[in-house]
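One chain follows as structure tokens, the form predicted alone.
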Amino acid sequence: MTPADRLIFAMDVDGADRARTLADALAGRVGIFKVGLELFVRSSLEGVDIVGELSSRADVFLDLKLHDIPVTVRRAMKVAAGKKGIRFVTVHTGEGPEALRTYVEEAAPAGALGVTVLTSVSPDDMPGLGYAVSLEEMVLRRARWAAQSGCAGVVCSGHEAARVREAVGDDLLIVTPGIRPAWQTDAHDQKRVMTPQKAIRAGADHLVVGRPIRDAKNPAEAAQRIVDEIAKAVG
């Protein structure tokens, strides 16, 4: 896996035209395009097959964070994973290993990624959310469930990546959002952020980066700078 293959660009934009422009600029410079809720819903309502268009340039990570009663998630997973060009589809892990196992069964040929705890949540938020365990323990518990269930990987912040890697070994991919390159420190709405080098050295396989590339004057140049940071970490 090359340094560029490790970079996932979060296509968090408000329409298909902007997505196409960024895809043209970044094709071959990033490994995967991530399509989240906003772009997926907007393009679907407008009758645009944006996933199909993007998959002609790179693999697509469909980041819908599926979370509903198990039968609904299974059906949605089967539809999503059956789309050509889909590399990963995300599901929340909170329903436990038995439900996750059934989602994985429907995910082929795509891989199911289990979302542990969103990077917008901080350790201090946990008691107010009704959890009696620490944020790190919750992440580890859910990562183990994902591993037991056959998920292709998990989504967690760089702050938990090392402990997750220790807990689940090398067979499970670790996909890490909340990445801010060394030259940009604004965390925006994310509370658990990390630089590319630190996240890779902590055990992350893929890094999800959005704003630092999307909002740059030259997105292709920004992506290359992040790839260079990844290369230093893996080299």
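Position 1 is the first residue in the sequence shown; the rest follow in order. Quantities reported herein were computed from a predicted structural model and do not represent experimental measurements.
Absent from the display: the form predicted in complex with cytidine-5'-monophosphate. The rest refers to it.
Note on the partner interface in the predicted complex: the residue among V117, C151, M77, A143 having a heavy atom within 4.5 angstroms of cytidine-5'-monophosphate is V117.
The shortest heavy atom separation between E221 and cytidine-5'-monophosphate in the predicted complex exceeds 4.5 Å.
By the criterion of a heavy atom within 4.5 Å, I32 is excluded from the residues contacting cytidine-5'-monophosphate in the predicted complex. Contact check for K65: a heavy atom falls within 4.5 Å of cytidine-5'-monophosphate in the predicted complex. By the criterion of a heavy atom within 4.5 Å, V208 is counted among the residues contacting cytidine-5'-monophosphate in the predicted complex. The stretch that touches cytidine-5'-monophosphate in the predicted complex, counting heavy atoms within 4.5 Å, is 172-180, out of 194-202, 172-180, 22-30, 46-54. Residues A10, D12 of 1-21 are found to place at least one heavy atom within 4.5 Å of cytidine-5'-monophosphate in the predicted complex.
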